[in-house]
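Here we start with a single chain on its own, the form predicted alone, put down as structure tokens.
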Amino acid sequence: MLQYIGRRILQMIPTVFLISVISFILIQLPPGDYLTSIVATLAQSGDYLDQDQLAQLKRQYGLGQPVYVQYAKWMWGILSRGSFGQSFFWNRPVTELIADRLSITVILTLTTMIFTWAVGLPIGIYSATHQYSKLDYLFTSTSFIGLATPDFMLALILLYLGVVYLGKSYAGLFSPEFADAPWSFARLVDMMKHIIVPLIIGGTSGTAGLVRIMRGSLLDELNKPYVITARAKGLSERKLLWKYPVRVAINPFVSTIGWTLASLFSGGTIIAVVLGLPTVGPLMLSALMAQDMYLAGSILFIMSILTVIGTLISDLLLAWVDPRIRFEGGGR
């Protein structure tokens, strides 16, 4: 097992390097740069920059250098100082900007994921073991509606209902007095009071999808010969269900932990924009729109690294959950 983990970590090194190159190139692909956005903004208000001013700003931001030189400086800052560069738009270090929103992003996304699993898995198991019952039809119909409803539209509907019928806004995660306050127990409690709406919106489609996948996977396992054999040998239904079919049926969810780990960092961008949530997702969107290459490239790079790490964790968990899976070269 240790050899397998060590081999996978060694394979991750060139993968992460390639990801860093691709991330930086992707940020450079749109025409223009950050100065282009500044010039366009000034032009709308009737102001213009002459060529000397543009040249000075290019030297200040390092935008006049070749792409490979900019990449080398960016990567050297990450490796030598742990610095992801300076945000052009915010005029602050990228690490500070990400750190300001990271805790809220992780709390919100992790809470949504726990809610999704805690609700979706039991319902999916019940629907599979009570196929064609009234509750199975109800859960199946509800899950189809949940999958068909866009998250941003559900957010807009809840915001409208809250303002029109309840006289209160569900936007944001904090009351005005706690919006810019330092972290404290009172601020955490205030956030938990406001997190219900984002939790429901973010968890609706995820829960609906999990119910459908779990139901289908478990139904497929319940009809396999090993289940019929175990039942014929007198194994109780509860023990049979949880010892074999459920462990195999959750493989699709374990294998997607790699994506979940990246989502812990980014959060639901569209939902966050609609609800005005201070997470990393809207920060990346604004960086892309302003062509803030160091901020956008760093967020994309970190998300990619988390996906690679999550893939390794998924493989290890799959081998632990499913006894049929063995590591290469023998042994678990």
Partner chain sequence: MSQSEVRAQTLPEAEAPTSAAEAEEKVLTASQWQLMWWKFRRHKMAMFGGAFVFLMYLCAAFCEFLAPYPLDMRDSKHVTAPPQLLRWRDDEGNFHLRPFVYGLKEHVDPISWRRTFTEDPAQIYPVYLFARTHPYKFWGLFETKVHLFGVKGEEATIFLLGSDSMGRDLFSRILYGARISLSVGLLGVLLSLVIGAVLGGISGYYGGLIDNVMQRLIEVLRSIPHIPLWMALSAALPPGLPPQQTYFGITLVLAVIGWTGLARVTRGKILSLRDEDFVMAAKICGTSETRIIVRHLLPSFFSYLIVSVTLSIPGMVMGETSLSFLGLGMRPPYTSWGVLLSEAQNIGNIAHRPWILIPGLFLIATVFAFNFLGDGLRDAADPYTR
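Under this definition, the rigid core comprises the largest set of C-alpha atoms superposing within 1.5 Å between the forms. Positions refer to the first chain, counted from 1. These figures come from a predicted structure and were not determined experimentally.
As for the form predicted together with the partner chain, it is not shown, yet the points below apply to it.
Among residues of the shown chain, L316 is not one whose heavy atoms approach the partner chain to within 4.5 Å in the predicted complex. Heavy atoms of N223 never reach within 4.5 Å of the partner chain in the predicted complex, leaving it off the interface. The partner chain in the predicted complex comes within 4.5 Å of no heavy atom belonging to I114. The closest heavy atom approach of Y71 to the partner chain in the predicted complex falls outside 4.5 Å. Note on the partner interface in the predicted complex: the residue among R212, H194, R247, R101 having a heavy atom within 4.5 angstroms of the partner chain is R212. Shown without its partner, this chain lists I125, A262, V119, V254 as candidates; in the predicted complex, only A262 has a non-hydrogen atom within 4.5 angstroms of the partner chain. Heavy atoms within 4.5 Å of the partner chain in the predicted complex are found in one stretch of 104 to 112, 184 to 192, 73 to 81, 143 to 151, which is 143 to 151. If you check the partner chain in the predicted complex, you find a heavy atom from every one of Q11, V274 and L300 within 4.5 Å.
With contact defined as any non-hydrogen atom lying within 4.5 angstroms of the partner chain in the predicted complex, the contacting residues in 291 to 313 are L300, M303, S304, T307, V308, given in sequence order. Relative to the superposed rigid core, the position of the CA of T256 differs between this form and the one not shown by 2 Å or more. Relative to the superposed core, M303 undergoes a C-alpha shift of no less than 2 Å between this form and the one not shown.
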